[in-house]
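Let's start with one chain on its own, the form predicted alone, as structure tokens.
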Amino acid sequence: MKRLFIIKENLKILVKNLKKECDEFIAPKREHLDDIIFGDTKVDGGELLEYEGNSVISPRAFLLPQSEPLFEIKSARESDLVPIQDKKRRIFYGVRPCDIKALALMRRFFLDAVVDVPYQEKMEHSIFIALACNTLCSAEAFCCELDAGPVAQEGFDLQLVAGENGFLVDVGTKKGKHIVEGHKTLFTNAPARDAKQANALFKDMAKGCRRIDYKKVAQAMRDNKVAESVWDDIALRCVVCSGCTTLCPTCSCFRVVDRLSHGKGVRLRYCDGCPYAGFTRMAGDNAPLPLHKDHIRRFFEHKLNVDVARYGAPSCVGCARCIRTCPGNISIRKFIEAVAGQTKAE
């Protein structure tokens, strides 16, 4: 479809109409100390149609929550398990391009080889409306260096690009096309002037952006060329606060536990994290990686090496949430730059 346009007043009408078509309307809003968070605004309202910066926590929290029930255990002895289904219709509005790319990466992990049914159900019943960035969300962000901003390339159903008089609209999927066709009177063809201004803005944002050669970084890590002193320094800074793994939009580690009482109960999925000492602990309390520096190293290896080999791209989208939250001032961006610089020097 051609690029479309929607004025701000019509966007308000569209949002109002979409709320009637879903069970949860997940959108950015301001809470607490003026933080931007994603929450269900279907009933309470308060959604931000446009905003600067990014949310504290990504939409991942709704698709892979900190804990979620997977099965009801009718009888542990007879292995009688009944799946707990989640078929809520969710519309995610105002999702930044970095988080849209993160969702695409998460799809690969949960749906490509072995299908994770609970995650699949959530994705099938969800619609994602992206909101392109007009400015970098923070000084630490490096989304453009990883092709994760300022506009989303794929993974969205609709994408909004804010302009002076309204929003340019890109249609990414059949779901997005269905929304447009169901609300035709709210959209017009995109004015050439607005499209030109948007393109000029994005070009200006991309100035000075140095694309990261993540394949070279991954190769350096694979060849064990990262100095031990680097891992030692990161280990000294890391206090295992779990901020990085909690806020990262692509962290996918989890564990499954059964909570039983008299042979009945529930099977739960809990988000886990590779920096934790007990993450790979085996029966008999044996820990394959006993050193703390090896635990935090797993986080970097997963993002920048393992997933490059597995999926052809790193599972870091440059949102910088981990950098901003880290009390030890650990920066994955500085790590990447250091390894890339070391590779060039060689």
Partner chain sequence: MQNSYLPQKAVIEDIIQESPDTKTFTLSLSGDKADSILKYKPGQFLMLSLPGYGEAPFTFASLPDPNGGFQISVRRIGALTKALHTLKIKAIVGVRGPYGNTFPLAKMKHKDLLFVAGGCGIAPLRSLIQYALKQRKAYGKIEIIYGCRTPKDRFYKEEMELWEKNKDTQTHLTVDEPDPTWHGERGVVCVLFPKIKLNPKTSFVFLCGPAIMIKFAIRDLLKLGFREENIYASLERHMQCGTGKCGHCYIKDKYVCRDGPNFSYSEMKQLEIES
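Residue numbers count along the first chain shown, from 1. For clarity, every value in this text was computed on a predicted model and none was experimentally measured. So that the term is clear: the rigid core is the largest set of C-alpha atoms that superpose within 1.5 Å between two forms.
Beyond the structure shown, there is the form predicted together with the partner chain, which is absent from this document and is the topic of what follows.
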| item | value |
| --- | --- |
| Answer option from Arg237, Arg222, Lys215, Lys177, heavy atom within 4.5 Å of the partner chain in the predicted complex | Arg222 |
| Answer option from Leu81, Val230, Ala206, Met123, heavy atom within 4.5 Å of the partner chain in the predicted complex | Leu81 |
| Site test, Lys19, Glu50 and His183 vs the partner chain in the predicted complex, non-hydrogen atom cutoff 4.5 Å | no |
| One stretch from 24 to 32, 52 to 60, 38 to 46, 307 to 315 that, in the predicted complex, holds residues within 4.5 Å of the partner chain by heavy atom | 307 to 315 |
| Partner contact for Val117 in the predicted complex: the partner chain, 4.5 angstroms, heavy atom | yes |
| Partner contact for Asp258 in the predicted complex: the partner chain, 4.5 angstroms, heavy atom | yes |
| Contact flag, Cys244 vs the partner chain in the predicted complex, heavy atom cut 4.5 Å | no |
| Any non-hydrogen atom of Phe202 within 4.5 angstroms of the partner chain in the predicted complex | no |
| Interface residues of 278 to 295 toward the partner chain, as seen in the predicted complex [heavy atoms, 4.5 Å] | Gly278, Phe279, Thr280, Arg281, Met282, Ala283, Gly284, Asn286, Pro288 |
| Arg259 C-alpha relocation of at least 2 Å between this form and the one not shown, rigid core basis | yes |
